[in-house]
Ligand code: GTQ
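Next comes just one chain, in structure tokens: the form predicted on its own.
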């Protein structure tokens, strides 16, 4: 029969510390929680602040001083000073001066850019150069050569989103600069758009491209038409008229670790509230409205960017009775679904919506 001494538990703890061991029984609730407890905070960055900062950087920071991209990252206050919008997504505003080139490189992070205003700009991915306009979505699959440039006197500005936090967490980052500032253009102008832009059709002699989307750029004119068509026949109670950009050959998301949406909130729409695992970064593309996140109202207008953390209850409001509002967003849903960790549920209340208890104020907190 063993005898327990009064100090034996403390001695055990000290021995475990020396051996780099930690007792589960003292921190089980911390690491195996009953529900998600994300460090990412709901937050909003105003377009006025984003544009002002990017414009100043455009005047002051050369490509040589700023590396090969003049990008200004959203730093969520819950991410401990790291330049991350959420725990899985890096998001930024990038500024390109007229007749400037952002040099070619490649990396293992998956990337997209959404063009806010891109008159005269272009993007070249693996030799395929596509000229860009407002509202276009550009893909950069992992480890593909890509560079960006401008043939105009005017600046271009866009939103970047990459899975850098996830890539770094997995200890899987690789980066390589191209030996030349611009890669050789080997495809016909806008080739991927001309070949694959009608998603339900593809060249009969080609096998489906499944490892990545064959379509490098999703043109705004096509997205706009699809939104109008969908709005005339169907909507979702939680997101109203929402479209997911997909690989036209598989129907799957444009990236393996995140997906992109374009969403229309019809005039006067107030969606029902819900929550789901996985984080999201939004940009208000047109119009104005509000998103209520865990009881706090985040008022937004065109150009503002905001974050919804994992498992945060949220709903969207378009208070304009005459005009729709448009939201572009990026979600890490494919990652959660691939790992079997995606879950969602509707908000339980008499009207399906939250009680607003606070208003987010830009610059405070």
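Numbering follows the first chain given and starts at 1. Remember, predicted model here, so these are calculated numbers, not experimental data.
The protein also exists as the form predicted in complex with 2,5-dihydroxybenzoic acid; that form is not presented, and the subsequent description refers to it.
Residue heavy atoms within 4.5 Å of 2,5-dihydroxybenzoic acid in the predicted bound form occur in exactly one stretch of 257-265, 187-195, 68-76, 218-226, and that stretch is 68-76. Out of the listed residues 107, 134, 178, 131, 107 is the one that sits within 4.5 Å of 2,5-dihydroxybenzoic acid in the predicted bound form by at least one heavy atom.
Contact with 2,5-dihydroxybenzoic acid in the predicted bound form, judged by any heavy atom within 4.5 Å, is made by just one of 90, 95, 282, 114: 90. Remark: residue 162 counts among the residues lining 2,5-dihydroxybenzoic acid in the predicted bound form, judged by a heavy atom distance of 4.5 Å or less.
2,5-dihydroxybenzoic acid is not shown here, but in the predicted bound form it comes within 4.5 Å of a heavy atom of residue 148.
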